[in-house]
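Quick setup: one chain, the form predicted on its own, written in structure tokens, and binding and motion questions come after.
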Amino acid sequence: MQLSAETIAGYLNGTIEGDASTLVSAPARIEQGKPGTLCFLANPKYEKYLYTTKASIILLNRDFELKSKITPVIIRVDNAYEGIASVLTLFESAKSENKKGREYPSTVSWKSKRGKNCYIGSYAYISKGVRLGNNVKIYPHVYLGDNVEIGDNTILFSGVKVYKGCIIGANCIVHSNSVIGADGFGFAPQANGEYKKIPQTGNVVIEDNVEIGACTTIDRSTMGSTIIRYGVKMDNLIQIAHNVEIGKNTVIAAQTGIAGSSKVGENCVFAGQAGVIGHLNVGNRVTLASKSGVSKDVPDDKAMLGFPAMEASKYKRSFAIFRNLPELRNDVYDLMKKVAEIEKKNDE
């Protein structure tokens, strides 16, 4: 697929500086740009490549000031980072597989229902009562348990498992080997030291426009639903426990874990390996830095850091102290010696 600078600028409502007929056939990183590719600059640390890249077209913010003339055609937009995301969608849609129909062998219950233009890959298993919307893509080796519902245009990649009664909305993507609706980790301790399994009778509800990375697990609730709200984006290798609720448009990076019955607000950002213990409330627009461990409720609009997590500004002030603890310890020992010497002289 080739796109002209004129087409891209029109799609992004951008302004062209240079030849509007210039064509590109693929995106590229700015440091790897070559003729026929489209690049962008959003992070100032990559500005040095702007003046050496061989890319044909480059996206720049409208207010960016060039230090010298560059070779690529420039398309100026309000936000280059958002702009490249939109253009990548154009490229991806052009090359995406438009799979339809059913491959064999696959098992599809006669008690299930399918919308128009669905794709069911080989070795997929569709149980009774399953309902698929229009344009749903079920890749090979996917398992859908009894009474699962999948909304329009949703894609489940190879190896995804969706347990009985779970609901996935429209325009969602679930990447390979993720598990939706496995039992929550519920066990009651007994007097003899053993643990008795607590039946997990609920389900998982995933709303529209959610993307879930590979090998992520979302457990069904003990009662009611584990809920992933509209627009949530999850990375690979994430654990969401039973009865958790994730607010809309929250993004969660890899290896994060959220324990049972905790509630996360809207538009939060969780960096990699963050953790939230059970039965907490995390407010809206909260940011958790990498490896943060949340052990108490967090109000709206807080940035948290460390374990146990504290407000980032407080953590940084504390860090300035405890990183010098070895030296402070030595200073204290020196003072103790001097005090002991003074006391000894006074006793004499």
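None of these values were measured; they are calculated from a predicted model. Start at 1 with the first residue shown and count on from there.
One more form of this protein, predicted in complex with a further copy of the same chain, exists but is not displayed; see below.
- Only one segment in the set 109-117, 129-137, 70-78, 222-230 has any non-hydrogen atom within 4.5 angstroms of a further copy of the same chain in the model of the complex, and it is 222-230.
- For residue 346, a non-hydrogen atom is located within 4.5 Å of a further copy of the same chain in the model of the complex, even though that partner is not displayed.
- Contact annotation: residue 35 falls outside 4.5 Å of a further copy of the same chain in the model of the complex, judged by heavy atom distances.
- Of the heavy atoms in residue 317, some are within 4.5 Å of a further copy of the same chain in the model of the complex.
- Residue contact with a further copy of the same chain in the model of the complex: residue 246 places no heavy atom within 4.5 Å of it.
- Taking a further copy of the same chain as it sits in the model of the complex, the stretch 308-327 comes within 4.5 angstroms of it through a non-hydrogen atom at 308, 310, 314, 315, 317, 318, 319, 321, 322, 323, 324, 325, 326, 327.
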